[in-house]
Ligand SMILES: Cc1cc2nc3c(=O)[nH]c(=O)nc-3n(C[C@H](O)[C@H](O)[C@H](O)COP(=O)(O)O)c2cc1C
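In the block that follows, a single chain appears as structure tokens, in the form predicted on its own.
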Amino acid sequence: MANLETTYLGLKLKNPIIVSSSGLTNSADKIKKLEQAGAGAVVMKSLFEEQINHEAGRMIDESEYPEAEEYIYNYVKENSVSEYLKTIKEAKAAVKIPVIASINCASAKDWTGFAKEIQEAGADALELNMHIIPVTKSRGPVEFEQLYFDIVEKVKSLISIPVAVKISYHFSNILNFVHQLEARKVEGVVLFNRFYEPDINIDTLKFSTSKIFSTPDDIRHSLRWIGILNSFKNRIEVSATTGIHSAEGVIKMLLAGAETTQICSILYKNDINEIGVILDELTKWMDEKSFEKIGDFRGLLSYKSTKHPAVYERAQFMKYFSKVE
């Protein structure tokens, strides 16, 4: 029978299925159920810098005492982090699988100091969930990328547990950006972030949100870059996310070169027992292909390994709109 064990961020996982940061991972009880359903690891629901700042701002606006602004802000931060640390401790006491904490951050302010407390609470690793929207034309791309590096450098200086960075595909040179993360001793990168996107209701003339859940077609965004990145990275490990809804999606990402895969939307659409379905189908596929372990086929169809690397490079529909194959 196929051996599904793998490693990620130096952690031993019983299989490559990680439940990504979401409401599914916001309590020890839920994480325990995910472990029982077969998850190899979990990424806890993110501690949001933006949410903390928003809540503090709301309370300050409602306060009758303007001079209490600093007190209220610090209270909200400390209370939010305290609850988060409590959840980490409870989860670590309840499960044996790795528990990866997550911070959704947009700056390298002093609140990143809580990363040390996250480590002390027992988290096995930390995922930095970052997507900074450039809304000014006076600053160039290099300056915006430096914001990411500032956060990474601050966090890495505070903790010794492994760090992964979850990013979007909105970079002019993803390979170089990941190389810069690797140079800063980041242990892993998660491709790609699924973030809030606005929509407009033309009947009400108001803003609305786009679809919350991913679809299987969304896998294409990550597949290309994981296949390419696998051929150029040295030490940094890659976790694939967004659009993985089945064993087929997991297998594709592993063939492209991912160390692990993160799932979420399919668990909301069905239920957490879908983890077992995916694992059974992955095992069956490996047995049929005579692969004894994940390492036997990981990266088999990466940019470097395939006989046709051009499939990763094509930006247009050449096959359909020209005679060029």
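Keep in mind that this is a model prediction, so the values were computed, not measured. Numbers follow the displayed sequence, beginning with 1.
Just so you know, the form predicted in complex with this ligand exists too; it's not on screen, but the next bit is about it.
*Asks:* Thinking of this ligand in the predicted complex, which stretch from 202-210, 87-95, 174-182, 241-249 has heavy atoms inside 4.5 Å of it?
*Replies:* After filtering at 4.5 Å, what remains is 241-249.
*Asks:* Which of these residues, 214, 168, 231, 119, gets a heavy atom within 4.5 Å of this ligand in the predicted complex?
*Replies:* The residue in contact is 214.
*Asks:* Using heavy atoms and a 4.5 Å cut-off, decide whether 194, 262 and 268 all contact this ligand in the predicted complex.
*Replies:* Yes, all three are in contact.
*Asks:* Using a 4.5 angstroms cut-off on non-hydrogen atoms, would residue 45 count as touching this ligand in the predicted complex?
*Replies:* Close contact exists here: in the predicted complex, residue 45 approaches this ligand to within 4.5 Å, heavy atoms only.
*Asks:* Just checking whether residue 22 would be counted as a contact of this ligand in the predicted complex - the rule being heavy atoms within 4.5 angstroms.
*Replies:* Looking in the predicted complex, residue contacts with this ligand include residue 22, since a heavy atom lies within 4.5 Å.
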